[in-house]
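Single chain ahead, by itself, as C-alpha cells, in the form predicted alone.
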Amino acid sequence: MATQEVQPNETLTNLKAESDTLKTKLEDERAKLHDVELHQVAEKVDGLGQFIMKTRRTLKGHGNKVLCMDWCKDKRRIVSSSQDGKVIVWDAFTTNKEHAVTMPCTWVMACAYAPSGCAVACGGLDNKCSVYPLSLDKNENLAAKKKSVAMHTNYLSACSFTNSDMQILTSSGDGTCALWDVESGQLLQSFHGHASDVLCLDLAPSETGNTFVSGGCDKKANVWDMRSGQCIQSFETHESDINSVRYYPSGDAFASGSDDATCRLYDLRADREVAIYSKESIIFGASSVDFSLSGRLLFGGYNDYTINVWDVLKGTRVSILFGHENRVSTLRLSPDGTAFCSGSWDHTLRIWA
C-alpha cells in the first residue's frame, strides 16, 4: 500500500464501490429464489374468525413510563421496569406486588426473569446489568444482594437469560451485544456488527438455543452464533430503527417492529424478508412485537397507543386493541399462550386475553 502512494480517499471510494456491487449481486442472488409471496401461498388457508380480546387485569403502581416487562416461566409472575427507577415483581393473577427494587438510576430500559424464577435482571442508563435474587421473605432487602454482572460503555437496552440462570445476554447503546457469566461477571463472548445502538434482542426458542437475533438504530436485524460470536445472517429492509425482534415459535423465522410503522417477517431458511405488516392508516412506529403460541398471530404495540393484531400468513390486520392512554412500549405473550401483557408510557401494564 505505502509503496504505491495511493490516496487514502481513493482506496476508500474503490472499496465502497466494490462493496456496493457485491451487495447488489447478493440481492440479485436472493431475488432468484424469490418465486412466490407468503400471502399468495396462504390464499387457500381459512381466514380467522372474529375474536374478542379484552383487558382482564390492569397493573398499577409504577410512578412513570413502563419501559420493559418479562414473564416468569411459572406463567403467573411478571417483572416490569420503569422510568422512575423502580423494578416491580407482580402476581399477574391477583395484581399484587410481590417485590420492588429501586435502582440507582432512572430509565430502567431492560428487565428479565431468570428461567428458574429465582432472580430478575435489570439495567438501563447505569450502563450495567444487575441481577437480584428473589426470596420468599417479603421483608428482605433485595438491594443488599444485588450483583452487577455486565458492564457496557453505553446504556443497556435489553437483557435476557439464556436457557440457564448462569448466563445472561445483553445489548447496549454502545453498538454491541455480549454474553456474560452471572456468577463471576466475566465476559464470555462479545458480538460486534451493528453500526449504531442495539435496541433489542431475542434468543432462538430451541433447547440448544445457540443463536439470537438483534435489531438496532442502523436499521439492521442480525442473527448471531453465540459460540463463535459471528454474525451469520443480516437483514436490512426496514427504513428506520428496529425497536423489537421476536423469533417465530418454530425458530425458523423472526418478526421485527420498527419506527417506519411496519412489522416484518424474515425467514431464516429463505434468507429474506417474506412479509410486511402495514397499513396506510398506521403512521406511528411499532415499539414491540410478539407471536401467539401457534405463530398464526403477531401482536404489535404501537406509539399511537394501540395494539394491532396481524394474521401472520395473510398479512392482514385482524384486530385492533384500545386501552392504553399513551404509547405501548413493551409487549410479551405469557409462556402458556393464554394471555399477553403490554406495558405503556401511561404508567400501567395490562393483561389481555
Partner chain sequence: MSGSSNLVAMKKIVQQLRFEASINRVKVSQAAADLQQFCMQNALQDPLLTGVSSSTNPFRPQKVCSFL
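Residue numbers count along the first chain shown, from 1. From a predicted model like this one, the values you see are computed outputs, not experimental measurements. We call the rigid core the largest set of C-alpha positions that still match within 1.5 Å between the two forms.
The form predicted together with the partner chain is left out here; the points below concern that form.
Only one of 173, 185, 85, 249 comes within 4.5 Å of the partner chain in the predicted bound form through a heavy atom, and that residue is 249. Residues of just one listed stretch (141-149, 88-96, 115-123, 256-264) have heavy atoms within 4.5 Å of the partner chain in the predicted bound form: 88-96.
Heavy atoms of residue 219 never reach within 4.5 Å of the partner chain in the predicted bound form, leaving it off the interface.
Proximity of residue 155 to the partner chain in the predicted bound form: non-hydrogen atoms within 4.5 Å are absent; the residue sits far from the partner. Contact between residue 317 and the partner chain in the predicted bound form is not found at the 4.5 Å heavy atom cutoff.
Proximity of residue 302 to the partner chain in the predicted bound form: non-hydrogen atoms within 4.5 Å are absent; the residue sits far from the partner.
Across the proposed site, 102, 132 and 226 without exception lack any heavy atom within 4.5 Å of the partner chain in the predicted bound form.
Shown without its partner, the chain has 230, 231, 232, 233, 234 in segment 225-245 as residues with a non-hydrogen atom within 4.5 angstroms of the partner chain in the predicted bound form. The Cα position of residue 18 differs by 2 Å or more between the shown form and the other one after fitting on the rigid core.
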